[in-house]
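Coming up is one lone chain in structure tokens, specifically the form predicted on its own.
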């Protein structure tokens, strides 16, 4: 059984590491109570312990049950653990309720070695996270097939990076008033020789788990910079190029060194490059994030927070982090002008950005009504299918020289 506490980092960050340590001690005590041999009917091992409990690190624990009579009893043990852990605990004078997500793998069906059993239990645990946390999930045939597919996809992804199967598409960021293209967002695409276009939603998680996201991310930055420099030499004005930076890239100690090297090789002006980071990336380790962001600003990079409003949404980081742009998540745009709450939230985000002297980009704009609303709200830039989906470089280049005329008489 692979067990991970839900939202432990939030408790740790808000109440302090001392409270976090106290919570881990209390969780350990409750886990020991939950799997005591004398109380667990699942164990059929007279005279033996029947279980092994361990903390792997952080807020992750494992429980190994042996001598099981019936798999149904494993569920009983898991339910007991969930119930015991969910009882309130006092930390630094605060009444805290902590829940957990549990994944289960079975020997030998799900693996004959400890590494594979841990990996599969971990995969099952993440299914609980996806389904809302505070539950238990057994590794099954569907997950087993997903695991095999992922292993195959990882092998093909490694080959793709070697065989130049990756390419970049570019989506324009358009001035809401003049409808001129002021920049592009570079988005990686994988054109598989047999599968065709592979969705980033399928291969990006694999790249992150395997560590391939680091060389892939470096390739994206370098390719985007080379393309921007080519457009600049062809006569394009000072358009910007935005690149997404994942949490794994952001945590890479060699990221800044790689970026400086890319700037030297391509000759691109750093102030024309914009790194897009999500709220969760910024808040994972705020102190370290601040140091990295300041170094990026020293290099001349522009920084934007992507998918604003869907993560931690802490107003404090907007004040303290050296950001330049807020990107309003498409989920707030898609139902405009029919959803009053989305319109209110969008208006508030734009006003907040203005008050903090930050640029603002609305993502996912698809209708002229949305464009008109955002223009009335004084939103600076628009990005979405109303103007163009992500397209190859040769289709993106003409957009640089001719403004759009959507919703005009031209």
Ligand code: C2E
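Numbering follows the first chain given and starts at 1. On a predicted model such as this, the values are computed, not experimentally measured, just so you know.
What follows is about the form predicted together with the named molecule, which we do not show.
Using a 4.5 Å cut-off to the named molecule in the predicted complex, not one of 34, 78 and 135 places a heavy atom inside that distance.
Among 289, 166, 204, 305, the residue placing a heavy atom within 4.5 Å of the named molecule in the predicted complex is 204. Here is the short version: of 239, 74, 128, 188, the single residue with a heavy atom within 4.5 Å of the named molecule in the predicted complex is 188.
Interface residue remark: residue 249 is counted as part of the site for the named molecule in the predicted complex, having a heavy atom within 4.5 Å. In the predicted complex, the named molecule sits within 4.5 Å of a heavy atom of residue 213.
In the predicted complex, the named molecule lies within 4.5 Å of some heavy atom of residue 276. In the predicted complex, the named molecule sits within 4.5 Å of a heavy atom belonging to residue 199. Between 24-32, 356-364, 372-380, 60-68, the stretch whose residues reach within 4.5 angstroms of the named molecule in the predicted complex through a non-hydrogen atom is 356-364.
Contacts with the named molecule in the predicted complex, taken as any heavy atom within 4.5 Å, map to no residue of 85-108.
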